[in-house]
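Only one chain is included here, represented as structure tokens and corresponding to the form predicted alone.
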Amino acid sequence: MRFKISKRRFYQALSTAARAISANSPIPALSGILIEANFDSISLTASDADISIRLKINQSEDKDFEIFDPGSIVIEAKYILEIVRKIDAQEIEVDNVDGSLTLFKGNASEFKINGTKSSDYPDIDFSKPESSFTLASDLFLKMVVQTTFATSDRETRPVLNGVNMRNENGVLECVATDSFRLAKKNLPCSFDGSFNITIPAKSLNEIAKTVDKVNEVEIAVNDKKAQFLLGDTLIQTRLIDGVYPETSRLLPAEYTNEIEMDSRDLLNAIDRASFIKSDGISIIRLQISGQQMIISSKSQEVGSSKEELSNFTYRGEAMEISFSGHYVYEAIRALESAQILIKFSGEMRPFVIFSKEDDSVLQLVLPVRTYN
């Protein structure tokens, strides 16, 4: 294998592929990037067994690579990224000189690195699932931002480590929960059939780092995997096994109290109150009536805070409710809305936060029982 390629383009491609590399891979070959040079393109493959990336470098109008001899090799990701980054040249020549020994050369710089034969690299099935649909990249990115933060980071219930995607009647319902909060985003879906899958939040966040480079995302799914086609980059992820909990029952059937206000005012007030923590957790108390809203927090070890807010509209009887400041702060921030609605169905029942500008998304938070 021997080829010459633009350093900038090669490094960008390697950086994208390396996102699938795990520092603690159980399979030694998966710590490397598989490089395959064909007569008209260069393919890079990387995987950690959960998420896999295959990136194809096609010839551009600038003719920024030239292949002299086709072939393939696996090079340790941490070495090849450092080598390509540090070589001070516009073009880099890659030459498999002797079995697994590979030369990287640019101007006066030259590195020889021992790689691994491509035959030792695990065979990854990149076959495309039959069910596929497309989403605008900005909608996909917004879905990731507005849901993944609410997934669980605990291993006790693996199914809660992902975002559940359910398609019915042309609507893609995306739900994330860690049992204490819930994020839900609905998207229009061009796929006529139905499916119900759970994708790891880690995979979705990695995909989001690449999605802004294309206008739309093609998504193909079956009961084992999901593929995301982003231009010349294919990202494939395993699904999480298990039945996702029926979250629709968490949503209140009716609401008795409602606040409408500027999201920034509430975010700033919660942020100011949240530095007071008990056992590392910030519990915020909201007291509200028709004319008065008070945000407060207290801790026997630290002290207390109290702030009165104005510029809000309230409908309902006077009430008090306590909640995690961190959960509500993240929920409001994820809505990306200037004006929000908070609807309550009781002081010890879940409350829901809506965007005034976007009715396709909602955030639900469970209250916390406190004792004066």
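In this text, residue numbers run from 1 along the sequence as written. Since this is a predicted model, take the numbers as computed values, not measurements.
As for the form predicted together with a further copy of the same chain, it is not shown, yet the points below apply to it.
The shortest heavy atom separation between Asp223 and a further copy of the same chain in the model of the complex exceeds 4.5 Å. At a distance threshold of 4.5 angstroms between non-hydrogen atoms, Ser305 is in contact with a further copy of the same chain in the model of the complex. Taking the partner from the other structure, a further copy of the same chain in the model of the complex has a heavy atom within 4.5 Å of a heavy atom of Ala108. Of the heavy atoms in Glu82, some are within 4.5 Å of a further copy of the same chain in the model of the complex. Here is the short version: of Lys213, Lys117, Lys86, Arg157, the single residue with a heavy atom within 4.5 Å of a further copy of the same chain in the model of the complex is Lys86. The contact residue chosen from Glu130, Asp271, Glu168, Asp98 relative to a further copy of the same chain in the model of the complex is Asp271, the criterion being a non-hydrogen atom within 4.5 angstroms.
Look at 272-280, 232-240, 133-141, 253-261: in the model of the complex, residues with non-hydrogen atoms within 4.5 angstroms of a further copy of the same chain sit in 272-280.
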